[in-house]
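Heads up, the chain below is alone and in the form predicted alone; it's given as structure tokens.
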Amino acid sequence: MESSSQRSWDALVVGGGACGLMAAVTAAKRGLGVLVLEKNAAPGIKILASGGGHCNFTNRSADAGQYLGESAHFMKSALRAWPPEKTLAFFAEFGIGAAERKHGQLFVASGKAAQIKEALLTALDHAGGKILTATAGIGAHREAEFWRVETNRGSFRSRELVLATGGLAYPQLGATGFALDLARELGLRVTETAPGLVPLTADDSLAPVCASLSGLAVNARVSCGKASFEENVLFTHEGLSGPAILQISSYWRPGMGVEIDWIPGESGSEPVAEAALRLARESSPKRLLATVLESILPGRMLLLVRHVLGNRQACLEKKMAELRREDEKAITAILHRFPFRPTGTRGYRKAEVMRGGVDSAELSSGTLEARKVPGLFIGGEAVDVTGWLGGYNLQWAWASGHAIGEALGK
């Protein structure tokens, strides 16, 4: 009987994650002979880790506005052809329901991410597609009308090749730069890459304060440039994390500052802190400023205020009636416009995704085929398309995988 490595396939898909499996399922359903090569001992490992093991597998409001990349339009075609509704319908066929949380985030209703992986593997098997695990790509080159992919288990041949090995995030789960390296070898441009959706680190002055507050989560509005997100900020031993920080990290670049409003919103027409201090001055003039702040700040946040005030923190022990305007302005600035200048990120091991990747200008937006290398398709995280936190990156994986699967063999 002919082995998987001896026969020629219509398509080889390197990478058995979300994008690769969706591409393989879609192509196999169309009657193509498809083989998935997965370097790990089991496919879909990152799917299992998604959403803390509960798999935030899409977002109801996913569209191009929640994605970053050098092109603001590249992802539109694939997302339009495979919107969140189609993701929901696809997995519903396998009895997988969705539980909606805030901001349109859709999780596996059972809380079991393994259901998503098993659905894809079942669909692939039913469509006649094959998968080989523990098979790591080493290189690939074109031989006449065929691709030859070299692996640790020999070479494989196909008419078309799909690179869906993801990016550099989560190296502990087997992430590698195979797709990026091969794209460069084949003459495709790769944009600058960096950890995305990642905790940010504090400088030597602020880090001890963050460590003292470690574990405290505070609803805040975090801004960097024109981007702004209101979500929880989590203090860690190294700096700041939590959804709002992870979101803003994709917009942050070394040297940039981040501004944090620790008490977002207004009281009447005034910012919350200004309104609280004015009311305390009028109704409780003998209360100490520190006491007033403790009543409006979550947890032990007064530690942070003391740190920023430095040698001016004596004002915290003043009565409200004695508080100088300049001290009041300093306090409200700390609470509503806290200046945070990260020293860096926690790196790829703590990053949800990779920013950057294969330049989208090198690919067809409709098929994700390389313009300069016919028969080569690249999708998922390896492409310069990075989504927000909340199911957007998996939605891009499904959409780009589907687009590739529909284009293969044509």
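These figures come from a predicted structure and were not determined experimentally. From 1 onward, residues are counted along the sequence shown.
Heads up, the form predicted in complex with a small molecule isn't pictured, but that's what we're talking about next.
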- prompt: Is the small molecule in the model of the complex near all of N40, A164 and G391, within 4.5 Å of a heavy atom of each?
  reply: yes
task: Report the stretch among 359-367, 375-383, 339-347, 27-35 that approaches the small molecule in the model of the complex to within 4.5 Å, counting heavy atoms only.
output: 375-383
message: Taking any heavy atom pair closer than or equal to 4.5 Å as contact, tell me whether A18 reaches the small molecule in the model of the complex.
response: yes
- request: Give a yes/no on whether G51 approaches the small molecule to within 4.5 Å in the model of the complex, heavy atoms considered.
  value: yes
task: Decide whether L12 counts as a contact residue for the small molecule in the model of the complex under a heavy atom distance cut-off of 4.5 Å.
output: no
message: Is N56 part of the interface with the small molecule in the model of the complex - any heavy atom within 4.5 Å?
response: yes
